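Below you'll find only one chain, the form predicted on its own, shown as structure tokens.
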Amino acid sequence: MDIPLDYDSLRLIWWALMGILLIGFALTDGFDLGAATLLPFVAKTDAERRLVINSVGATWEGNQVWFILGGGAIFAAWPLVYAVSFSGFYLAMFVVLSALILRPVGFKYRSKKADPKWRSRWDWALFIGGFVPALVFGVAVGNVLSGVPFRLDSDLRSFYEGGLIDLFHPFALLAGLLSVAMMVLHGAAWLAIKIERGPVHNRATRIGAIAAILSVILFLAGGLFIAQGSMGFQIDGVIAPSGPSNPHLAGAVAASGAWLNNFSLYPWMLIAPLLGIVGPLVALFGILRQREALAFGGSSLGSFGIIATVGLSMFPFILPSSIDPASSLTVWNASSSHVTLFIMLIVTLIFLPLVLLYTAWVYKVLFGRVTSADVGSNPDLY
């Protein structure tokens, strides 16, 4: 089969696409998770909580498509990464999935009874379904940056030598808190733009302002932790971008501060951390000035910048190993075959625009604020 794109270009394209899918998940399902996390704190009465729930109730399922696409992309384009990460983080993934399951159940059953205690329990279930995934996703990123305790034998079988509790070390918790702050800011900005002005709107913007400040502080703290700590990995040997997918053919070593090397080699990459700082500040300005669209745009830019910073700083690493750096998985040594990447790219170029167009159409149809009159006059709403 004559493939018009070379192997190394396809690997680089799929690395970028994987980042786009993860960012798409953060920008769409992120405000769902943030709104659910805010639910018990911004809404005091049942009517107020119905406002918050109905602001995301019509779109949260569609937003999770990005999560599924991201997992599917890792499985198809980076099978070694999928095998090692999903087996090593199995218990953490189980915790996340258990929390996510509470969301559809909560949305479905909350309105089945008018009993305040019944609804309060489901409201806290929705909170768990928002807070826990946001925290654990951040903790997972913190572990990837610090290195995952796995090794590969001569047959490329992976052996994970960590435990669930081991994932929650100080830097991982810092990353987890940053993830929560980022999602809460995004959720608060969404509530500010989506629900009517009033008590819920005001509480959401107050918490959103705090989350914006915390996002900047925690992001800077994470960067300082990396700069001053012993964190980082670098390639040891000659990189073979078009070589076979075998981690044993090109080694890697731990190197303090190596995650900052790319920014000195390619200064344009500094745009990403700059957006990670400026975005939340723009959101804060929009919140204080009651310019909701600006606040949501700023929170989106902040999420984009923070996630892009992680990907760019680690390139070409995808999953470094803390106990055997030579087993680390990179863009060049862990991908699917040349033909597989090309066929998947064609499929993606056909269907990803359709997903984007459909998503844009849905949000256009559902454009507008949710009001107390809407939820009060329509018992079919959540």
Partner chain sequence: MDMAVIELSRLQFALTALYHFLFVPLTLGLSFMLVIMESIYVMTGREIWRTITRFWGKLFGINFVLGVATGITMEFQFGTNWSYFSHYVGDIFGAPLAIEGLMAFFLEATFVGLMFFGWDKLSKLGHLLTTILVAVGSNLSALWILIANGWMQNPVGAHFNPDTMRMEVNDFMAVLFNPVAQAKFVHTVSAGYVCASVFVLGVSAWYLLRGKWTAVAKRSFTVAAAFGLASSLSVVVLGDESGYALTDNQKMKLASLEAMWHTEPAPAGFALFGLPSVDDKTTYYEVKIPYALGLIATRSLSGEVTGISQLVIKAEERIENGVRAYSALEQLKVDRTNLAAREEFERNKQDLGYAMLLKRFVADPRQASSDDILQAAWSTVPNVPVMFWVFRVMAGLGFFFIAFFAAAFYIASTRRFHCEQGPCRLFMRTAVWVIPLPWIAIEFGWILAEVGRQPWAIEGVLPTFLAASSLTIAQLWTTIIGFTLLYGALAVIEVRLMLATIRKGPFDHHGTAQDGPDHPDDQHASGYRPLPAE
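It should be emphasised that the depicted structure is a prediction, and the values quoted were computed from it without experimental measurement. Positions refer to the first chain, counted from 1.
The discussion below concerns the form predicted together with the partner chain, not included here.
Contact between P241 and the partner chain in the model of the complex is not found at the 4.5 Å heavy atom cutoff. W268 falls outside the set of residues with a heavy atom inside 4.5 Å of the partner chain in the model of the complex. Using a 4.5 angstroms limit between non-hydrogen atoms, F233 is distant from the partner chain in the model of the complex.
Within this chain, S264 is remote from the site of the partner chain in the model of the complex, having no heavy atom within 4.5 Å. None of W124, F285, Y109, F225 but one reaches within 4.5 angstroms of the partner chain in the model of the complex through a heavy atom, and that residue is Y109. Only one of L97, I165, A293, A114 comes within 4.5 Å of the partner chain in the model of the complex through a heavy atom, and that residue is L97.
The candidate spot formed by A73, T348 and W361 lies fully in contact with the partner chain in the model of the complex, as each residue has a heavy atom within 4.5 Å of it. Heavy atoms within 4.5 Å of the partner chain in the model of the complex belong, among the stretches 295-303, 204-212, 114-122, 178-186, to residues of 114-122. Using a 4.5 Å cut-off on any heavy atom, none of the residues of 302-332 reaches the partner chain in the model of the complex.
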